[in-house]
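First comes one chain, alone, set out as structure tokens in the form predicted alone.
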């Protein structure tokens, strides 16, 4: 027998999965634009980032209403609370996607820069995003370990890259080289933050399924 709260929970799920799709596409478009030195997508990415913030507000309002009206407990309450955190994560995906494309606006075309490191990390981060969204759609917390393993690799790669950039800037004061190093460092930082939020989504899925905090803590 259907419960009154189920209608609200279904609506919440629809919004969250809509955000997941938009967030993934926005980050992919941003990274593709960086690879191709294409700034034409800037306005579109800004709009989708703004839409994600709007949907996050919708989730916040709906979750507050569900808690106030139905005073949910157990699995329902865990799901509602987790949706608030997950919506924030997807909103941040949009923000970091815009930050990536904004780097092109700030530094101009980067076609002469070596982008291999950024592209390599972006492929890992995109896989993390995709795995996190799959875990959410299926409510499958068994995918969490894969996400955490990739995050560890991203963190190692990020710190190693920063040390290399810092060393290059010290020994080579040429403006064009530093421009490449600084822009790459910024984008790697945004990718590292997307990686972190992918883990937070995995944490939320684990909490929904088990009622326990992240197994990595």
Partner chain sequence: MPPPPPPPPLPSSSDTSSVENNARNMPSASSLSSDTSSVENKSSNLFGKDKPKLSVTSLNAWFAGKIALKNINIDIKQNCVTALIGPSGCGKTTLLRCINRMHEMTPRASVEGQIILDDLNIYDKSSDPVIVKRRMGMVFQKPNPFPTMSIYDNVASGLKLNGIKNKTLIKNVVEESLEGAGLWDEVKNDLAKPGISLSGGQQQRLCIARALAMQPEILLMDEPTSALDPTASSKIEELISNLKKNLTVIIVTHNMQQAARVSDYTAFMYLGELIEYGHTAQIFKNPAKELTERYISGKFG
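Residue numbers count along the first chain shown, from 1. Model, not experiment: these values are computed from the prediction.
Below: the form predicted in complex with its partner chain, not depicted.
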| property | result |
| --- | --- |
| Contacting member of 162, 41, 28, 62, with respect to its partner chain in the model of the complex [4.5 Å, heavy atom] | 28 |
| Contact of residue 143 with its partner chain in the model of the complex (heavy atom, 4.5 Å) | no |
| Residue contact check: residue 136 to its partner chain in the model of the complex, 4.5 Å heavy atom | yes |
| Contact flag, residue 77 vs its partner chain in the model of the complex, heavy atom cut 4.5 Å | yes |
| Its partner chain contact at residue 200 in the model of the complex, heavy atom, 4.5 Å | no |
| Non-hydrogen atom within 4.5 angstroms of its partner chain in the model of the complex for each of 106, 109 and 190 | no |
| Candidate stretches 78 to 86, 143 to 151, 96 to 104, 110 to 118, one within 4.5 Å of its partner chain in the model of the complex by heavy atom | 78 to 86 |
| Members of 59 to 74 lying within 4.5 angstroms of its partner chain, judged by heavy atom, in the model of the complex | 70, 71, 73, 74 |
